[in-house]
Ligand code: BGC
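In structure tokens, one chain follows: the form predicted on its own.
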């Protein structure tokens, strides 16, 4: 862990340049707008260590899976999020010398991410071998108001000389993925054009036929005023740009305003693509930098009004939660049903940018509470649209029903580790739970009739075919799985997997009963469409009644899986710190034979199905499993933290919150350079609202049970619930205010409260 960035409630500040930490800073300083995103790279050339990345939503590459031997059912390919056309680049030459922070002296370096208004600034003084001192500053943003465009203001100021400044703004399609095999190039040029007013470059992927068209134009200013200058054009393979030269006097400021756009054939026909890119960049140029920026800021202010969590008295915690909320908002806006939330978002290439169960288990609650309900609905529809692929995935394993993929871009499984891909089947239950969670929170039971019932039935069919009946014990078991704790593979009867499988079949029956009662025609149509027989439903009920759940009797807790207590029982606190993190210090064989837990497993089930268990049961399981958990998954601290809050373990809850809130800022897991942990950021939000705020929905009623962490003087958050916007403020009292919507009855500390518009209630 390294405290590298300055503490500020709205800013992420890198004060001074450390080349060894550059990749971490690039990840933290990433920008995105749901349509495209880029790491916090330098505009000018940098020959030092850097992961230069610009990513475009929905564009990926199906790389061939390579294994030493082939197994039936193995995925044929795994997905890579593609590093796409570099729209950021600006070559800089000062009196013929290229500006490169890896080769010149650098003073007063500062890189600052402004989270409140969504832009990245950078400034420094460079001294070249001729002792010419040049002040450079840049400011860029990707428009949240118009997602196809972005802009950069790049300024150069000679401090002790008069000289010729050459600026080369360009579009470069010759980009590679750092994880490509043998430096493979995934793109090929389709067309390009450069003229006096603008240029564009269209690139196409070598597979799947994605096309991306980017366009660019610019203005030149001297001391803030438009200025004429000499310029030329450049056009070569996979590249277009301009060359601008200007003699600049001492203490004069030369500014390049670079406007760029990006569109793909996901949204437009190929023959119209270049035209649409040019139209977008002309739209940006006509508006001008300041108007574009103002519209962008206004959009961010609207988002923060609903999303912000304010914390008084703890600047580290405040910075951490805003950092998480900021990156969630710029990763996924929810307007495109074809898109989902990759674990790294637009901040890096690891994990392929694909969809994991993280979306349903961790991200959905954030969007349920901070956005209009159709945003969360679109996350569910994304899975509904992939139902046929999920059925194909199950069929490849010789099973009925639907098995949703562990990792996917288009609904097909594209993960190539057997113990994860085909054993970590609990993710199927998370899809079903997300349907329940959405309906429970929004009250939108119409979703069942339109989409949900098909998904639930097919998932239940999978579980019914995947279980094994043990006649000697007269119980159903699920064998050969990996639970959420990935430090265990190929185990029998993972408690969480058995629990969520049984619950899915139970909830599917409840959904069918509801449709039969309230929408009989829809129910009849669904039964016919799905060819659902009474025998199937009876089989589900038999499995529910006879499902086996392992327990550790002498501890009074649920057993993570059969045989867990056969392992040597050592607590994390008994380990020499030199052994941590285990995944970087121990062999995989040693990890698998240990009792140590990567992330919430039994506790994941207790979090999902909290109302089923009394407080003493929850406490016994937490007290047993948390000391054995190393939290080496970014998804772990938030679940444990929420349950710690429920149990009144306030110090533990706060420590786990801070770990998840500052996971990337402080580089806890020594992997921030690969990109940020976007999906776990939603868990950070949950730690505050579900944990410290005690938010849950029971019997269609919003419940709150807030407490104030010891280091905090006050905190507040807003949630959207049933078309109402509710603000909760916690200090030595709890204040509830309904800011939008009709009067609402809620529960606070098990006390019924009626909240009405603009009339705060204080407890």
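Numbering follows the first chain given and starts at 1. None of the values given here were measured: they were computed from a predicted structure.
Not on display, but discussed next: the form predicted together with the ligand.
Participant: Taking the pose of the ligand in the predicted complex and superimposing the site C-alphas, would you call this form open or blocked (blocked if 3 or more ligand atoms are within 2.4 Å of a backbone or C-beta atom)?
Facilitator: Here the site is open.
Participant: Exactly one stretch in 84-92, 628-636, 296-304, 162-170 has heavy atoms within 4.5 Å of the ligand in the predicted complex; which is it?
Facilitator: Selected range: 628-636.
Participant: Under a 4.5 Å heavy atom criterion, is residue 461 part of the interface with the ligand in the predicted complex?
Facilitator: Answer no; every heavy atom of residue 461 is more than 4.5 Å from the ligand in the predicted complex.
Participant: Quick one: is residue 598 in contact with the ligand in the predicted complex, heavy atoms, 4.5 Å cut-off?
Facilitator: Contact check for residue 598: yes, within 4.5 Å of the ligand in the predicted complex.
Participant: Since only the chain is shown here, I'm wondering whether residue 351 would be in contact with the ligand in the predicted complex (any heavy atom pair within 4.5 Å).
Facilitator: Yes, residue 351 sits close enough to the ligand in the predicted complex that at least one of its heavy atoms falls within 4.5 Å.
Participant: Residue 357: heavy atom within 4.5 Å of the ligand in the predicted complex?
Facilitator: Residue 357: yes, in contact with the ligand in the predicted complex.
Participant: Could you spot which one of 254, 491, 653, 406 gets a heavy atom to within 4.5 Å of the ligand in the predicted complex?
Facilitator: Of the candidates 254, 491, 653, 406, 406 is the one lying within 4.5 Å of the ligand in the predicted complex.
Participant: Tell me, which of 148, 423, 413, 486 has a heavy atom within 4.5 angstroms of the ligand in the predicted complex?
Facilitator: Only one listed residue qualifies here, and that residue is 486.
Participant: Residue by residue through 313-344, which ones have a non-hydrogen atom no more than 4.5 angstroms from the ligand in the predicted complex?
Facilitator: Result: 343 alone.
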